[in-house]
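First, one chain by itself in structure tokens, the form predicted on its own.
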């Protein structure tokens, strides 16, 4: 039975729980895995009887201090998810219906939905074919009197050019909300991402580089903003932060379980050790790519100085048919994905005008035009030129070397006069 058939069998079998445990014992290329004293710390939370954020000395308080220290900021506010973090940050920064926030068209739709759920309007920008991130020549044409913010996204563990982001933000008096959800621990010119904007957003969802299944962080150097964010995450109740039983800001339940906080707390302790292993193993594949005329690494090392490789992002030579190449890689059990997400405006919510039910303020003609554009660069990357080698391929040195061996095999079989 082929490997893929075994996986399908395991998913459908009534013994799938047991099969999953056996698989994880013998297969070391999975992630996440236990990094420290997770079970011990979780048990201490369960024994304490305080499973939510009601205690002033709970594990979430310790985690907030440790995470702020790790990023290099004054404040870290723990919340239930990265999406809720974006909503809370926009509300805390004073955004109102009709205000617009710019971000690249080919990130996860969760970013746009979070903006919309905060009552704010996402505006899309195409990407650069060189960096696969924001096209800065395009952004200024999108700025209107309603533009209040910009969300640079550190995609797949690669930092955005924050100097250029800040130049535009300063010129037009925009708030900067850094989306660091796929890049915890990545650096920009030697400093960890998340500390360059007004706020930094982090996520610990199931696909993130540091995962606890769910959870998120908002980091900021603004003490008053942090105070407001802690109020907003508790339905806006001002009792704890201000000593007044009152609500004046439309808010959410953004709290996170102390059990999950305990898991993040222990994962964070040994996270840099994991990153060092991942970076070392990724470098083996990157060194191979540097010798392959058909592949290039998609980054700019002049500022993206220490990626964390949620994926190794590749740009493919025009001679390579991406669809066929991906199929060959998957047939060799190399898990791959795209270097970007599909253009957000290709999704039914946007291309069937369902957004009109939710955006009730602002210049709707301008929004309609933005959502109807042809984002050519993002399309080219998704359909033809961008590829991501997923992290499980290089969790271990052995798995990384195995990927190289299989890539060499594929390219040795390549007929240079035709597609792969």
Ligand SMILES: Cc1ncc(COP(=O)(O)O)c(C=O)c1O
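Residue numbers count along the first chain shown, from 1. Predicted, not measured: the structure shown is a model, and the values here were computed from it.
Note that the form predicted together with the named molecule isn't included here; everything after this is about it.
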item	value
Heavy atom within 4.5 Å of the named molecule in the model of the complex - the one residue of 256, 343, 182, 313 that qualifies	182
In the model of the complex, the one of 92, 157, 215, 149 near the named molecule [non-hydrogen atom within 4.5 angstroms]	215
Partner-facing stretch of 242 to 250, 192 to 200, 140 to 148, 107 to 115, counted where any non-hydrogen atom is within 4.5 angstroms of the named molecule in the model of the complex	107 to 115
Exercise: residue 175 in contact with the named molecule in the model of the complex, heavy atom 4.5 Å	no
Contact test in the model of the complex: residue 81 vs the named molecule, heavy atoms, 4.5 Å	yes
Interface membership of residue 261, the named molecule in the model of the complex, 4.5 Å heavy atom rule	no
Interface membership of residue 153, the named molecule in the model of the complex, 4.5 Å heavy atom rule	yes
